[in-house]
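Just the one chain here, the form predicted on its own, laid out as C-alpha cells.
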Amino acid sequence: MTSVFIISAPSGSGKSTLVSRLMNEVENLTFSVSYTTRRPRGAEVDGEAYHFIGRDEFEARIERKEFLEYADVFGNYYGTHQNELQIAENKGKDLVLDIDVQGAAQLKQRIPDAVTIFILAPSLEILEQRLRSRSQDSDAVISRRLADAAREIRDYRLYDYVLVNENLELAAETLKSIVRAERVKRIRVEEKIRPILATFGQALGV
C-alpha cells in the first residue's frame, strides 16, 4: 500500500530544506514532481524541480482531468499529475508531495488517507527575516508572501500534523519520525499482517 504524505508551508518556512532532508534520509520514498506554468528559475531543470509547460497545455490537461489537484498561485498554475501516484505504486514506494494549502485540500478529498503536514516558522518576524535573507524577492513580493502566509496558517487545523521549524535539526528529525510512525499504523500494514497471522493459524490449527 502506497502512503501519501502532503507537506505544505508558507514560503520561507524552510519546507524545501526539510523535504530534501526527508527524501535523502528516509528509505522508499519518491517525490512528486509538479507541473507548472511558471518559468524556470536559475539552474532549475525541467523534470527535476518541476515539469515546465505552457498555460494552454496546462489548461488542456485540466480539461482532460489529468491532475489529482491543481491551483493558481501568484498567477501561475501548479498541479500534481495523476500518474505520480501510479508511478509510486509501481515502485512500491510512498509518495511525498510539496504543495500549497489549496492543492492539499483538493488532494485530501481525493485521497482521504493521505497524511498532511504543515510546516510553520516560529513567528512572522522570523519568516520575514528568512525571506529577506534569500535575496530573491523585491519588497513588494515579500509583502505579498507575508500576506499569503497570514491567510495560509489559518488552515493549520486541517492538517494532521503541525511542525514548527525553529531548529532545523529537530524539525528534520520530527518530520522523519512522522513518516516512520505513519508507516507502522495498523491500517497501513494490514496487507503485511494478514499472511503473518495466517502462519500462526496454520501452526496452531485455528
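All residue numbers are counted from 1 along the displayed sequence. Values in this document were obtained by computation on a predicted structure and should not be read as measured data.
Absent from the display: the form predicted in complex with ligand ADP. The rest refers to it.
Visitor: I'd like to check something about residue 160: if you look in the predicted bound form, is any of its heavy atoms closer than or equal to 4.5 Å to a heavy atom of ligand ADP?
Guide: Flag for residue 160 set to no.
Visitor: Look up in the predicted bound form whether residue 165 has a non-hydrogen atom within 4.5 angstroms of ligand ADP, and give yes or no.
Guide: Yes.
Visitor: Test of understanding: in the predicted bound form, would residue 133 fall inside 4.5 Å of ligand ADP by heavy atoms?
Guide: Yes, contact at 4.5 Å.
Visitor: Counting only non-hydrogen atoms and a 4.5 Å cut-off, give the residues of 4-27 close to ligand ADP in the predicted bound form.
Guide: Read in sequence order, the residues that approach ligand ADP (within 4.5 Å, in the predicted bound form) are 10, 11, 12, 13, 14, 15, 16, 17.
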